[in-house]
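Single chain ahead, by itself, as structure tokens, in the form predicted alone.
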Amino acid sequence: MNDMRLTERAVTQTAKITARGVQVHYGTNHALKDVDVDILDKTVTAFIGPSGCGKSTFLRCLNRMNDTVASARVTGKIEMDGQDIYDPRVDPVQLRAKVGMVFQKPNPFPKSIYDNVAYGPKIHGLARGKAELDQIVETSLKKAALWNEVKDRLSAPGTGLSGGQQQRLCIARAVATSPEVLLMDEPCSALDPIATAQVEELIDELRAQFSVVIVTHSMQQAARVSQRTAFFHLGHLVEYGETGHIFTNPTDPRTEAYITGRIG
């Protein structure tokens, strides 16, 4: 019994985000039901499940993006490093600097490549001058494996890049504010296989510095990039655990039915 308690404590210690009893309603629609999960630091966690199962809804709870939806109501508790992110004293704008987000469709700002990356550090006052801002832009583009491709055309519009490059630019923009958590909502669904492989490789590198949470409709992708997987179905978190275990030996029959293609 003691051993089990020690193991549980060890898991809790390395949890970056802890969610307990999280419910989300959109008006009368009960979209997410009683979700409990610990998201570990320096780990890629994949959320999988059929369309409309609640995985993106839960992802958006982690940086309070649901605050922007008038009909949304979030209850329960979500803590990051022990702090309740829904505490009224927490500024959602500051929270989103710590919890970066990359969306399904690449959405660079209609600005230069440089200004796309510099935007966040500027508004959050993270650079004390041009030289420091230049350094942040270069470091962020390097983290996003894009620097070598764009370093000679930083003043060119970000919208002029290829789809895969645009998505890596959005990743550079997200990491430029030095976040601790990176959320990705189906970041490869609009990309071709080569660009997808580049972004997947990048996700693997980013977990050395960030806690990465990715929503994906591709089980193959979840198996390739993540160490932990959460399976959502009809608003419930059905099963959560080590990725290899979820895919080869799931404990819930619904998980097995989804993975083998019988539901979805």
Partner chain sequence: MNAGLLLLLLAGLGALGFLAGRARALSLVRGDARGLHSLPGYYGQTVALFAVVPAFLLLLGWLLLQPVLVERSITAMILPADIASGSSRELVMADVRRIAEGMERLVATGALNEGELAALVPQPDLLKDRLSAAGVALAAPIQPHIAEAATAWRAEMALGQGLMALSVLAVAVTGFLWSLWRVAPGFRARNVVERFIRWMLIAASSIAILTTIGIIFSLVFESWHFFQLYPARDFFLSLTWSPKFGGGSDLGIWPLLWGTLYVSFIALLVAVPVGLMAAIYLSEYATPALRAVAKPAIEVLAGIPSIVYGLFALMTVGPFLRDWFARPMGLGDSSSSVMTAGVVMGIMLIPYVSSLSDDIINAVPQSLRDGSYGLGATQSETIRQVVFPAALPGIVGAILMAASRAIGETMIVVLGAGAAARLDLNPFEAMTTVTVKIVSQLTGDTEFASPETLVAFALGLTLFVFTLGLNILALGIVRKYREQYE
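Numbering follows the first chain given and starts at 1. Values in this document were obtained by computation on a predicted structure and should not be read as measured data.
The form predicted in complex with its partner chain exists for this protein as well; it is not shown, and the discussion that follows is about that form.
For Val93, a non-hydrogen atom is located within 4.5 Å of its partner chain in the model of the complex, even though that partner is not displayed. In the model of the complex, its partner chain sits within 4.5 Å of a heavy atom of Pro108. Though the partner is left out of this view, Thr159 does reach within 4.5 Å of its partner chain in the model of the complex, counting heavy atoms only. Put simply, Met101 is close to its partner chain in the model of the complex: some heavy atom of it is within 4.5 Å.
Only one of the listed residues (Leu206, Ala223, Met65, Ala31) places a non-hydrogen atom within 4.5 angstroms of its partner chain in the model of the complex, and that residue is Met65. Scanning Ile85, Leu133, Val74, Ala97 against its partner chain in the model of the complex with a 4.5 Å heavy atom cut-off leaves one residue, Ala97.
Proximity to its partner chain in the model of the complex, taken as heavy atoms within 4.5 Å, picks out 166-174 from the listed stretches 134-142, 166-174, 189-197, 76-84.
The partner is not shown here, but in the model of the complex the stretch 118-147 reaches within 4.5 angstroms of its partner chain through a heavy atom at Tyr119, Ile123, His124.
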